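Single chain ahead, by itself, as C-alpha cells, in the form predicted on its own.
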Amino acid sequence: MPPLIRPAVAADVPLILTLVRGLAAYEKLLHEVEATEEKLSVTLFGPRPAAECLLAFTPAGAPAGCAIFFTNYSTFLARPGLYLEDLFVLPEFRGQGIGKALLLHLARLANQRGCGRMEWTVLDWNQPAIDFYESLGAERKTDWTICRLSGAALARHA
C-alpha cells in the first residue's frame, strides 16, 4: 500500500517541528534551528502563509515524513515554480517509497499549478539523496552557487 500524503493543518504543528528537528539533526545543523511551534503556526498557517507542508504517513497511520515547499518565480519562463525547502523521511521508514511518493506528489502539484520547474538543494555530502534525485530525472545545477544574507549580515541592512 502506498503512503498517505495530505496537506498539513494547524493541529500538525508539533509533528512538523519534530520532523524539522529530525532533518536538522540528520544534516548536522540542529544548532541552527530557531523554529518553534509558535513560529511555524504563524508562517505556515497565519494570515500570510510563507510555505506549505505535506505530511506522509505509513499505511498503518504512523507519521513518516514531510515536504515543506513554497512558490518561487522564474523571470526567464515568466511562470511560477515550486521550491522544495525540506524533504525528510524518518530513518525507520526510509527505503519504503515515502520520499519518492512525496516528490512525485509535489511534481504533480507543480504541474497542476502551472509551474515551469521544481527546484531544491541537496548537501554535497549526501550521496544517497543525490543518487535518489538523479534516479527520478533531477538535474544537478553545478554551475550555480547559493548566496545568502542571514543573521547579523542581513540585519545590518534593515
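Each residue number is its position in the shown sequence, starting from 1. As the structure is a computational prediction, the values presented were derived from the model and not from experiment.
This protein has a second form, the form predicted in complex with another copy of the chain, left out of what is shown; the following refers to that one.
**Q** Answer with yes or no whether L136 is in contact with another copy of the chain in the model of the complex, where contact means some heavy atom within 4.5 Å.
**A** Heavy-atom contact with another copy of the chain at 4.5 Å: present for L136.
**Q** Does any part of R94 reach within 4.5 Å of another copy of the chain in the model of the complex? Heavy atoms only, please.
**A** Judged by the heavy-atom cut-off of 4.5 Å, R94 is well away from another copy of the chain in the model of the complex.
**Q** Although another copy of the chain is absent from this view, report whether G116 comes within 4.5 Å of it in the model of the complex, heavy atoms only.
**A** Contact check for G116: yes, within 4.5 Å of another copy of the chain in the model of the complex.
**Q** Any chance A50 has a heavy atom within 4.5 Å of another copy of the chain in the model of the complex?
**A** Yes - in the model of the complex, heavy atoms of A50 and another copy of the chain come within 4.5 Å of each other.
**Q** Within 4.5 Å of another copy of the chain in the model of the complex, which residues of 64-97 have a heavy atom? Give them in sequence order, or say none.
**A** I68, F70, T71, N72, Y73, S74, T75, F76, L77, A78, R79, P80, E85, D86, in sequence order.
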